[in-house]
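Heads up, the chain shows up twice below as structure tokens, two forms, tagged structure 1 and structure 2.
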Structure 1
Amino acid sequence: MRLIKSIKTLIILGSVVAVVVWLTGTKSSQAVSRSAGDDKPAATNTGYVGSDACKDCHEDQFKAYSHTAHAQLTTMGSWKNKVTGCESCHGPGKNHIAEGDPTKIISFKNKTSKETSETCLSCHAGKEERNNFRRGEHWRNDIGCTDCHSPHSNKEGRNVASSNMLVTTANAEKPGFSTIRMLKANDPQLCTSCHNEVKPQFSMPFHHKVLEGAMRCSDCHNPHGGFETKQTRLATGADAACIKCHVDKQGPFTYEHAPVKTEGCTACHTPHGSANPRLLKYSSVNQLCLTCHSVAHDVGAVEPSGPQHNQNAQYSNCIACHVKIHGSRTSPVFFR
């Protein structure tokens, strides 16, 4: 674990260096260099005119934008003398306005998804939640920030910006309901619009209630990338996604069932949905157990020991006796 952690730290440090190099190297093509925040040009001296100057000609964008978290930066002390507003993404607007020339402003029309995302990441890569965006499947497949977020927020109304309100299906379908976080649609609708193939799994007899609106795809996945496979939030460890809701499975236990900690929950459970109760991978529990606890195996083999007891019918329902299957404080064989 420690080794993995230091590798991760190295990768993170490496990418920070890379970003700084990238930022300094491409200053000319960037609206603003934001590598350290302090070298931001003041809004007054490099052709920046402020958002109000855009208002009259781009009313729709201005109106929508003014409800976003981005619009609030302009009035925040910590952003004083830094470029905020429309021009933080579109670059200085002075020449565009003076000459009425649409080529004199940064437009994203001809930019690739990755280039547009870089504009956002120049401010947003700092948070852990997003600093691995360039390592995720979405980035690799040219899914960028604006595939999920609308840069000016949606037109028809207030963006319930900092609300953590659960977006239920019922709510989302109300006319005029605004999405949170400037999302183009609510999670999970946003996700299933592209990931159609996983939708049926959430209608299986046993499933996490995502389509019902009780939880979201992003409770378990980080849409902004990360180190884990399948862009899941951590699979094991204290901050694992599953543990956040199923705290009792975390322990600490005196006697831990090894796979819970090593392979994580998906060693035994299918996370989206399953035909089997308790979202188990197999329809009968003993089948599940015996995939690892094979009775016949070589002495000294690395797989876990099989039960000494035989496999008579009396033993077939493993969890009738081994009830604390996720770990126990008192029983080395998980009886209580």
Structure 2
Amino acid sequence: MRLIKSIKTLIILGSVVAVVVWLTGTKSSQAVSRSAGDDKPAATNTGYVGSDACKDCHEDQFKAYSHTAHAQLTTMGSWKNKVTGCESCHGPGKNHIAEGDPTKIISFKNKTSKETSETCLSCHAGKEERNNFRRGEHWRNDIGCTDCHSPHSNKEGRNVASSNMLVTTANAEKPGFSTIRMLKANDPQLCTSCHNEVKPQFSMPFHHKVLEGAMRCSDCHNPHGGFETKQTRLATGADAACIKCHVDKQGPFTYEHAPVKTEGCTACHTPHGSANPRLLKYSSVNQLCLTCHSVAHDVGAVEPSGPQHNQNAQYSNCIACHVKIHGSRTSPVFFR
């Protein structure tokens, strides 16, 4: 019995040693083959010839492309041995060059916006900013990546600030010019070219300074999709897009104004622009407050039903007394 057990033990040990030797040899041969070759991907042997081969026929596109972020991928270690350049989107070019046949390369001229976007998402998916693109309104309405972005180049020309007085990162370039994210034009111009019903709101007497370049549409909206209405950036709770700038309205407060937490800022304010100060929906503050706090409107057991005093000029501005209307740490009626 002991002899049989010893034989079995030797057989098992021998098998393990053989497997280890085989794995070690395989890895060594792979390492040798990698060191002997260049930094081109393994797919080079299946028809990939590199972007330089495209330059002979597509000189203008190649020249413009060489200045983009896409062209810089070859210098990044994380992209080593991966397909980069023209062929990462258009496919292997060996047969296209050898035969001069346009059908031997992937062209996006006749592809739908969704098909084009799928090519972009093969690299650009996986991050929170673009993870929900297929859930977004742009995807549902056949607005693809290349409707806003130029994969080959940014716009060229002399770039100057669009304001001589208030120069920020948002308006440090002239209107219609963009050097970020390979956009075809300035962020607000791109958005208002489709959402033209919103543009007049930014020309109201009181408005967020989007057309002036102090902020962008994408500061509040995610153009790549999301779960919220209008694709607003609300990943961290109600009105996160507003609180990002208006931090004093966030709290936490001991006494909270219920609409701020339940309905959000748009219960009282129009976000793009208004004829009223503070972007309020009504010109008279007490008129806005009385839409909820009226004697005839019961707003709940724990909320005041409305003022018992008359609403003459002396009391027409509720926030003259209720100064902490967004929330208070000391007063249940928001006096302080």
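Counting starts at 1 and follows the sequence of structure 1. We call the rigid core whatever largest set of C-alpha positions still superposes within 1.5 Å between the two forms. Keep in mind that this is a model prediction, so the values were computed, not measured.
Source of structure 1: the form predicted in complex with heme C.
Once both forms are fitted on their core, the CA shift for L279 between the two structures remains under 2 Å. Core-aligned CA deviation for C289 between the two structures: 2 Å or greater.
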